[in-house]
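So this first bit is one chain, no partners, the form predicted alone, shown in C-alpha cells.
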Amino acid sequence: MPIHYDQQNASFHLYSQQMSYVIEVVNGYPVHAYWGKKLRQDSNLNKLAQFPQRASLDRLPQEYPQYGSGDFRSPAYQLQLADGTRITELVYKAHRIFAGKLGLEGLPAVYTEADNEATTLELELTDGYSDLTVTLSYTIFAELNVLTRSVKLTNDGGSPVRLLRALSASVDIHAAEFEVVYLSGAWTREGQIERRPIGPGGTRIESRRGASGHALNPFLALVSPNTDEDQGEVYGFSLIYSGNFVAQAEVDPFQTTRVSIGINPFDFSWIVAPGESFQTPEAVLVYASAGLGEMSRTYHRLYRTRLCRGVHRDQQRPILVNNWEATYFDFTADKIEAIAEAGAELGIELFVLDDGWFGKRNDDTTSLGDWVVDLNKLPNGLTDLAERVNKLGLKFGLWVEPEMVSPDSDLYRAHPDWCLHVPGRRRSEARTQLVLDLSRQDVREYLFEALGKIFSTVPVAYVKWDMNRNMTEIGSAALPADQQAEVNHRNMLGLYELLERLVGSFPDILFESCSSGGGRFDPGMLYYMPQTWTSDNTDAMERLKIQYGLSLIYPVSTIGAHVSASPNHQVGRLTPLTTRGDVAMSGNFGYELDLTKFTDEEKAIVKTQVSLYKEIRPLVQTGDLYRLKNPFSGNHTSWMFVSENREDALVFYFRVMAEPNPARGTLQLKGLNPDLDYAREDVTEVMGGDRLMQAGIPIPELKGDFASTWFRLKAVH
C-alpha cells in the first residue's frame, strides 16, 4: 500500500511511482517533512523535517497551520468561537489509511474507478477548547505524481462557531529560491503565462468576482530558477473550484516557502452549528522533476480521465459550427437551416444555435430567464428546427445562460427577489442582466424544470452553458443577516447541485462551459462539463498564446477552438484560412462563421480541414502534448501531439510575422521513441527518433505573415 505509517517515529510516507510526500507528527502537530522525488522506504526517513529543536510554531512547517498561538505566517484556517475569541490549536488525535478515494459531498473532485488506483490518508486533529475536529484528507495516486488534499471541519461542541478562513491545502517547502508561475489575463486574452521570482514576502493570486474569472486562474506553480519545459523541479497547485479562490506563496525570514490554496477568505464566513461540518474544495498537487511539460502532462491525464465524467469523457468530440458570429441575434429558421446544410456538405457533425432563440431576445437587453422559444423568430418551434438540422445529418446543439436574469423578463417581473441583491441598494447591471441567486432551492428548481422541459422535448445533443457577468450586491433574500457572507459559496454549491441534476438526468447531452469565453475555465466546471469555450477571441494569432497558456494545466480535450471569419471580429486581423484551421485543430475543432459565404476555393480548404481533423482527432484529443516553441517569448510557436505508444505524432508550427533573410534554425521534437525510426507523410525520408529529438529538423520555410504548417510522423517497423 503506497502509504506507510511508521508508528515508532510517528511519520507517514505517501508515495507513487516517482514521488514521495512525508508527514511527521512533532509535539502533536502534523509537520511537513518532504515532498519531491521518490524516496526508498528503507533509506531512513526519520526526522526529515528541517527546523531547529525547540522551535517555535513560527519555525515549524505545519501541514494545517493556525494563527494566534505563535505562528505569524498565513494560516490555513481560522474561526470565531461563541465567546468571540479566534484562537484554536489543533493536535493529532488519530488517523485512517484505506484503499481508493472518497468523493466530496456537494463538491466536484477527482475520482478513482478502482481502489488500487490510489490510497487515502485521513489525519484527525482536534482542539480541546473549542471541540473542533478537523480531518485532513490526502490521496496519493499510484501511477501519477499527484496528491489531492481537502479538509473537513466539524463542530463537536455545544455552540455555533463561525469559520473565517478554511483553505484546502497548505505546504511549507524547505527552500526559497523559487519562481512562481501562474496564468493572468482579461476577457479575450485569457491564459497569459506570468513568471517571476517570489523573493521575501509573497505572491498572492485570487478572485473576488464570484467566479474563478478571466483575470487569474485557480492555479499556481513553484519552479526552480533553471526550470523550463524539459528540466527543473515544479510544484503545481490547482483548485477544483469555480468561485472566489486564493492561491499564495509566502517566503518567511528563514527561507521557507509556504504555499496555500483554497476558498478566498475575503468576504467569506460560514456558521457551523453543533454537529455540522464544513467541507473545503479539493486541491490537486503535482510534483514534476523534469520541467513544466511533465507537470502539464500529469494534470492532463488526471483531469481528462479522472475529473471529466460521463459518456463523452472518452468519446471523440464532434466538429461543430456555431451561428453566433454568422448571424448574432438576427436569424430565421431558414437561415439556420442554410448554414447547417452548408456544414453538412463540408462534413461538419454538429450545428449549435447560439443566443437569440428564446423570449423576445433580439438583443442582449431582454428575456434571460424566459426559457421558452420565440415563435416570432422560429414560428414552428425549436423541435421543428432541430429536426430540420438532424435531417441534414447534423446533430443539434443549443446555447443557454441559465444563471442570469434580464430585468426586462417575465421571470424578473414575477420574482424580483430571485436575483442577488441587498435591500435598499441599487442592483448593478452588467450586459443589462442580473445574477440569479442559486443558493435558493426555488430558483434551482425553476431552472431545472425550465431547462429539463427543453432537453426532454427537443433533440438536443449539445449545450453551451454560458455565464456572462460577475457578482455584485452579493446578498440573498432567503438567508438571515448572520449568513449573508455565506452567499458566494452557497451560490457555487447551488450551481454544482443544479449541474449534477441536469447531467445526471440528461447523460447523453455534451455540455460545454462558457463564461464570456474563459471566465470560468477551471477544474470545478470540468467535473460537470468536459470541455470549455476557451475565449471569445477567435483570432488565430491571439489564440496561440491563449491555448498555449491554458495547456499548462488543462488537457486539449477541454479546449474549444474554432475557425472564425477574416477580418477577425475581435481584433480585425486578416489571417489565412489554413492558419486559422491549424490553430483550431489544436483543440476541440469547429467553425464560428457563415458557411454559406464561402467561395469554392474556401469550401475545398474547409473540406480538407474537416477530413483531416476526423483523422487526427484521437491523437489531438487524447495524445500527450509537448510544447516546442513558446509564443510568449518570440515570433514562433510550435507544439506536437504524441500517441501513448509513441508511434504516431503530429507537429504544428506557426510563425506570426514574416522576416527578411531569417536564420533558419531547427525544431527539436519531443516525446518520440529514440530507438524507433519515423517517416513523414509529406516526404520520403525516414529519420530516427533520436535524431528528431536531439539534432532536430530544419524549421519549415513559410511565406507571408501569420503562416503555419504541420506534418505527421509514424513509426516504421
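As the structure is a computational prediction, the values presented were derived from the model and not from experiment. Residue positions are given as counts along the sequence shown, with the first one as 1.
If you look for the form predicted together with a small molecule, you will not find it shown, but the lines that follow are about it.
Engineer: Using a 4.5 Å heavy atom cut-off, state whether D466 contacts the small molecule in the model of the complex.
Structural biologist: D466: contacts the small molecule in the model of the complex.
Engineer: Is D354 a contact residue for the small molecule in the model of the complex, using a 4.5 Å heavy atom cut-off?
Structural biologist: Yes - in the model of the complex, heavy atoms of D354 and the small molecule come within 4.5 Å of each other.
Engineer: Answer yes if any heavy atom of W533 is within 4.5 Å of a heavy atom of the small molecule in the model of the complex; otherwise answer no.
Structural biologist: So W533 counts as contacting the small molecule.
Engineer: Taking heavy atoms only, is R313 within 4.5 angstroms of the small molecule in the model of the complex?
Structural biologist: The answer is no: R313 has no heavy atom within 4.5 Å of the small molecule.
Engineer: In the model of the complex, does each residue in the set W399, R431 and S516 place a non-hydrogen atom within 4.5 angstroms of the small molecule?
Structural biologist: Yes, each of W399, R431 and S516 comes within 4.5 Å of the small molecule in the model of the complex.
Engineer: Which single stretch, out of 354-362, 155-163, 303-311, 219-227, brings residue heavy atoms within 4.5 Å of the small molecule in the model of the complex?
Structural biologist: It is 354-362 that comes within 4.5 Å of the partner.
Engineer: In the model of the complex, which of the listed residues (W324, Y548, Y111, W371) lies with a heavy atom within 4.5 Å of the small molecule?
Structural biologist: Of the candidates W324, Y548, Y111, W371, W324 is the one lying within 4.5 Å of the small molecule in the model of the complex.
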